[in-house]
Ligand code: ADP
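In the block that follows, a single chain appears as structure tokens, in the form predicted on its own.
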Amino acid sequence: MMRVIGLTGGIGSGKSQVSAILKDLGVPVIDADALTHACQTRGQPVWAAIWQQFGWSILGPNGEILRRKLGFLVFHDEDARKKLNQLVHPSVRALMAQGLDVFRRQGQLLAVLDVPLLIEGGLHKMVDEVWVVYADLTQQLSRIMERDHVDVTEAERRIGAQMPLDQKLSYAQVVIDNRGTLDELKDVVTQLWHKAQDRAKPDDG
């Protein structure tokens, strides 16, 4: 039976880096963010629902959703964030389930679900173990400011919109410390993956 690892972390913790390392190792990864983007492309039912909910202001000249603008809107309005999640999450969950079914039919022993809101959305109950990527608050703020081109107040707001990272650690079977260098992170993730493969091997005895 295929084991599923749920990968998550706080915003700015470096979860995407870990996911990229796993993909480079050939790991079967289902990326919830990528599925979300696919659902939100012009012409998709989720795209239409978002447009109807939030109006023309969140669409660019080509009709595609302006993700940065939509993100800014929902980070400042909890009700808007809840409405967006209600529109997006069912479709993304269905696609994740389909992806896992494909991996099972391929005979994979392990797969990774890369989900930012794994715990908040209750998806940790669907996986066999939870991996949480950890960084300290200063690093989170710095990464968010650099990536999203926002000031420290906005970065703090975005961190505050999610479950505190320290709280997520209580759900983790594995904690990935991302307070060091990228090379150190690659070494840690590679070792963790090899250990996970060993645990997933069928017991011949």
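A residue's number is simply how far along the shown sequence it sits, counting from 1. As the structure is a computational prediction, the values presented were derived from the model and not from experiment.
The same protein also exists as the form predicted in complex with this ligand; that form is not shown, yet it is the one meant from here on.
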Quiz prompt | Interface residue in the predicted bound form among 55, 43, 180, 164, criterion: non-hydrogen atom within 4.5 angstroms of this ligand | solution = 180
Quiz item: Picking from 143-151, 64-72, 34-42, 167-175, which part of the chain touches this ligand in the predicted bound form when contact means heavy atoms within 4.5 Å?
Solution: 143-151
Quiz item: Does residue 196 reach this ligand in the predicted bound form, with heavy atoms at most 4.5 Å apart?
Solution: no
Quiz item: With the cut-off set at 4.5 Å between non-hydrogen atoms, does residue 22 touch this ligand in the predicted bound form?
Solution: no
Quiz item: Does anything in 1-16 come within 4.5 Å of this ligand in the predicted bound form by heavy atoms, and if so which residues, in order?
Solution: 10, 11, 12, 13, 14, 15, 16
